[in-house]
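In the block that follows, a single chain appears as structure tokens, in the form predicted alone.
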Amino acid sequence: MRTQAQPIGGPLLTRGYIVLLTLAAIGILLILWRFAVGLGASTGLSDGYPLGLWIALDVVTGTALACGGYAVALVVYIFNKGKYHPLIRPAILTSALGYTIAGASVAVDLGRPWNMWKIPTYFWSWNLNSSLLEVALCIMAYVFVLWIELSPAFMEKWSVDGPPRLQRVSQRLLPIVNKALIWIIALGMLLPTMHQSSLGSLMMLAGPKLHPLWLTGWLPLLFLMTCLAMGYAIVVFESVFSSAAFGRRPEMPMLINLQKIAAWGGLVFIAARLADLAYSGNLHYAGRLDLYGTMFWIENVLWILPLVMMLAFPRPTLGSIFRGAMVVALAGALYRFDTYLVAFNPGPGWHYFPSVPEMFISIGLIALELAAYVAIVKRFPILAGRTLGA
């Protein structure tokens, strides 16, 4: 019997939560310091490496890990598998927070972030051939769409026990949003398809500066495939995490199926990538025992490992599907990180390693995302399912 989504409840300021808030506060203070001293003094970025940790990790990798809402929506609404509906809200929450943090990372990375508002408004100056413009517009729009998709969870809570004015507004808007939700969901499936593939297109512009094992005309397709596999994996991770942290019954049959989709998606990705490298004549670079060949094989081993784990554990347990999901997420994250940083070589004399403030800002933003997730699921109806003692 399917249960309605309900707030978890319980105290918020636990020891773990205070640790998250402390890391987030350190990150915010360093962000203020970055704006005070500039990018040159606070980062390892240069003219040779204009894209660093904040883009490769927080945006390129972070948005793929935040594609759980997109991936589950495809299963529920496109393939009409309504049994996965209990996973929609937590997946959308993860996506909304992940994309919001990615947008914050872009703002920190920009030299003139106060001009971001001009991107959607100065439409007469748009370069319609720019992949970066499409990424910027789609991510901006998708953040807005995700919070609209999630808004019924907030309004359901406020319409019952919110402040009087907020209660009246929520009661009036909730039916309207629910009726319009099908169109919002459709837009929410179009936008990630566009900008996730364009993140791959963006690195095609690097040309010979990108190693041949990663430079291909299939980059848009490969990036789209990785975001789907990572999206399903992160839904499994989030569900298992919620079960362990909040004492909820895991939706085992659903999680097992999603983990299988993620694992087989990784195999399809490897097949497509190897076929492309063989056709282009670049597969021989994989035989070199240099940094690039080593990283290439590490990626492939990580993609294959979840399938090996599935064969080793024919009767999956919560722990085995959790580990499998983590490996899929790590494989996709490493592929994207390598494409933007490791496989990128601007030429002799240029080197990049993230500065300590760069690393702590990323850690702080991730901690802020986790703290927001815990606060929202404890106060609003996001998670469905029963507690372990029920």
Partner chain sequence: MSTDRRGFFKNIAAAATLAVLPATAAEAREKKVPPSDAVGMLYDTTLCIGCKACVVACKEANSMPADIDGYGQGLYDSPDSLNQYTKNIIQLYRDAGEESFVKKQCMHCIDPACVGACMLGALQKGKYGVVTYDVSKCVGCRYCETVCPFNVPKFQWAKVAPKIVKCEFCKERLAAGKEPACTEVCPRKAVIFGSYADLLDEAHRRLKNNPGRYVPKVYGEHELGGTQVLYLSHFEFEKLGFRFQQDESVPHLQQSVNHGVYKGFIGPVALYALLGAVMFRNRGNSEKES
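Computed from a predicted structure; not experimentally measured. Positions refer to the first chain, counted from 1.
The protein also exists as the form predicted in complex with its partner chain; that form is not presented, and the subsequent description refers to it.
- This chain lacks the partner; the member of 147, 285, 218, 158 within 4.5 angstroms of its partner chain in the predicted complex by a non-hydrogen atom is 218.
- Scanning 319, 247, 113, 175 against its partner chain in the predicted complex with a 4.5 Å heavy atom cut-off leaves one residue, 113.
- Using a 4.5 Å heavy atom cutoff, 186, 209 and 345 all lie near its partner chain in the predicted complex.
- Remark: of stretches 296-304, 166-174, 90-98, 104-112, the one touching its partner chain in the predicted complex is 104-112 (heavy atom within 4.5 Å).
- Interface membership of residue 280, defined by any non-hydrogen atom within 4.5 Å of its partner chain in the predicted complex, is ruled out.
- Taking the partner from the other structure, its partner chain in the predicted complex has no heavy atom within 4.5 Å of any heavy atom of residue 311.
- Shown alone here, residue 259 lies farther than 4.5 Å from its partner chain in the predicted complex, counting heavy atoms only.
- Its partner chain in the predicted complex is not approached by residue 154, whose heavy atoms all lie more than 4.5 angstroms from it.
- Along 110-141, residues 110, 111, 112, 113, 114, 115, 116, 118, 119, 122, 125, 126, 127, 129, 130, 131, 132, 133, 134, 136 each place a heavy atom within 4.5 Å of its partner chain in the predicted complex.
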